[in-house]
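Form predicted alone, single chain, as structure tokens, below.
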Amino acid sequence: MAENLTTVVSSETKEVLISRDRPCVIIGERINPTGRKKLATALQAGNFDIVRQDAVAQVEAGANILDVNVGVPGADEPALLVQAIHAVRQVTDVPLCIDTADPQALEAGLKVYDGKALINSVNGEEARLKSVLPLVKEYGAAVIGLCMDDEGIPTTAEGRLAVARKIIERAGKLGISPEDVVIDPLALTLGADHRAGRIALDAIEMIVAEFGVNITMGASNISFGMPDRQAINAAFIAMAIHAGLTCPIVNPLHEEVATAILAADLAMGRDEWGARWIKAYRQRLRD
């Protein structure tokens, strides 16, 4: 069993430590125009009011890091991403996860970011490894590594472990330490494959056992196409935390999911005297 590693990300004024020895770190997912027409339209118009509102709401709901994605068709993504980062900085100082598939936009965001960013993401595709990892090294960032490569997403946990190994080894050749590579084993929808959850959980356990790296995941993907999604998400995320998930990408405004994360931390012995659980319970009563 590998030693559990600690990933550090920071803003100019705030540092977040990600580790299995600490409570789960929540990466807020809402600053993303995918499936959000109002946000996409606002971004295209250069209006960042929703971005600022989402940033504040997510931090108040418990997000420790905010994912920032501004990928809208036809937009100048490098310029838009820089503006979005500045907009978020106007209302909160939590660290950011810079989320883009455009290397030019990524570098533009990294240039204006004060602190140690988390990059979302690289994967095992040769083109992505060659375009993203040098930027990770140059700007001293941490990076999320998706368990997919030029052949697609492996259908087995062993296949995803192999992709994780490839990403970690290639990062290491550039001098990027394993603690700065956060692996996403990919949660696919149970609506398409009833084994998807089991494969993702097994992949988490295998990757943690071999490398000790931190694990992220867009956990809500697991329930896509299924009824009563929040119940599925809550159960799955608690199981994934037990398996080794440390920093899920979720919507902290979904109370069932946020409560499941707190309960999992409590059950895993990461909430001394249940203080965080009790505080959140009292807040729910007031709300």
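Numbering starts at 1 and follows the sequence shown. Quick caveat, the model's predicted, so the values are computed rather than measured.
Just so you know, the form predicted together with (6S)-5,6,7,8-tetrahydrofolate exists too; it's not on screen, but the next bit is about it.
Enquirer: Name the single residue among 65, 249, 51, 238 that comes within 4.5 Å of (6S)-5,6,7,8-tetrahydrofolate in the predicted bound form, judging by heavy atoms.
Expert: Contact check passes for 249.
Enquirer: Which listed residue (32, 230, 44, 259) meets the criterion of a heavy atom within 4.5 Å of (6S)-5,6,7,8-tetrahydrofolate in the predicted bound form?
Expert: None of the others qualify; the residue that does is 32.
Enquirer: Should residue 144 be counted as a contact of (6S)-5,6,7,8-tetrahydrofolate in the predicted bound form, where contact means heavy atoms within 4.5 Å?
Expert: Residue 144: contacts (6S)-5,6,7,8-tetrahydrofolate in the predicted bound form.
Enquirer: Using a 4.5 angstroms cut-off on non-hydrogen atoms, would residue 223 count as touching (6S)-5,6,7,8-tetrahydrofolate in the predicted bound form?
Expert: Residue 223 lies outside the contact set for (6S)-5,6,7,8-tetrahydrofolate.
Enquirer: May I ask you to check whether residue 120 falls inside a 4.5 Å heavy atom distance of (6S)-5,6,7,8-tetrahydrofolate in the predicted bound form?
Expert: Contact check for residue 120: yes, within 4.5 Å of (6S)-5,6,7,8-tetrahydrofolate in the predicted bound form.
Enquirer: Give a yes or no for residue 99: in the predicted bound form, does one of its heavy atoms lie within 4.5 Å of a heavy atom belonging to (6S)-5,6,7,8-tetrahydrofolate?
Expert: Contact with (6S)-5,6,7,8-tetrahydrofolate, yes.
Enquirer: If contact means any heavy atom within 4.5 Å, which of 213-221, 129-137, 149-157, 170-178 contacts (6S)-5,6,7,8-tetrahydrofolate in the predicted bound form?
Expert: Single hit among the candidates: 213-221.
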